[in-house]
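Single chain ahead, written as structure tokens, the form predicted on its own.
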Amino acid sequence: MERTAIYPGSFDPVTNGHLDIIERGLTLFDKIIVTILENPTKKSLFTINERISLLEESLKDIGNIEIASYGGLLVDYAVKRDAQAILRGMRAVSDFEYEFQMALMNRKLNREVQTVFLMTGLRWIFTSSSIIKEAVQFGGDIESMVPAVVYEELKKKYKLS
């Protein structure tokens, strides 16, 4: 039986921290479905299609990955895709409370889908999509924190040279 995990997130934009979780997740799972969760109440910098393209380009050299989007309950999507687990990255203790609550709710909704947490590599512990967007819009150097294609697209979005 193929071990499949859903790796959900907004990926607005994808960061090197996300790539770290995906690459390490592939040592535990045969396949990872990187899933952009559609949240109409959240204002995103990149459209769903732009995020899919950025993920495809960023992950083009990594096998056993699928990129998708979904707008419903995550555990329902996991069942629909025959995934046994939800993969989540945690940067710091501050992530734990929210992630723990989500894992418990998902377990309540469907006990067959497990949640697996991976600690982000130390190199990426302070990297988040929102911090990257904030830094780049004020001219901060975030080039080492995101894939090259994401860096170029961020410069375009914020009209930086």
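Because the structure is predicted, anything quoted here is derived from the model rather than measured. In this text, residue numbers run from 1 along the sequence as written.
Here the subject shifts to the form predicted in complex with ligand PNS, a form of this protein not shown in this document.
Ligand PNS contact in the predicted complex: G17, any heavy atom under 4.5 Å: Result no; G17 lies far from ligand PNS in the predicted complex.
Close approach of K43 to ligand PNS in the predicted complex, 4.5 Å, heavy atom: No.
4.5 Å heavy atom contact, M90 and ligand PNS in the predicted complex: Taking the distances in the predicted complex, the answer for M90 is no, it never comes within 4.5 Å of ligand PNS.
Proximity of N106 to ligand PNS in the predicted complex, heavy atoms at 4.5 Å: The answer is yes: N106 has a heavy atom within 4.5 Å of ligand PNS.
Partner-contacting position among N39, T47, T27, S94 - heavy atom within 4.5 Å of ligand PNS in the predicted complex: Looking at the other structure, the residue within range turns out to be N39.
Segment that reaches ligand PNS in the predicted complex - one of 131-139, 31-39, 117-125, 59-67, heavy atoms within 4.5 Å: Partner-contacting stretch among the options: 31-39.
Neighbours of ligand PNS in the predicted complex among 64-97 [non-hydrogen atom within 4.5 angstroms]: Contacting residues: G72, L73, L74, R88.
Comparison of CA distance in the predicted complex with shown form for S130, T41, at least 3 Å: It is closer: the C-alpha separation of S130 and T41 falls by at least 3 Å in the predicted complex.
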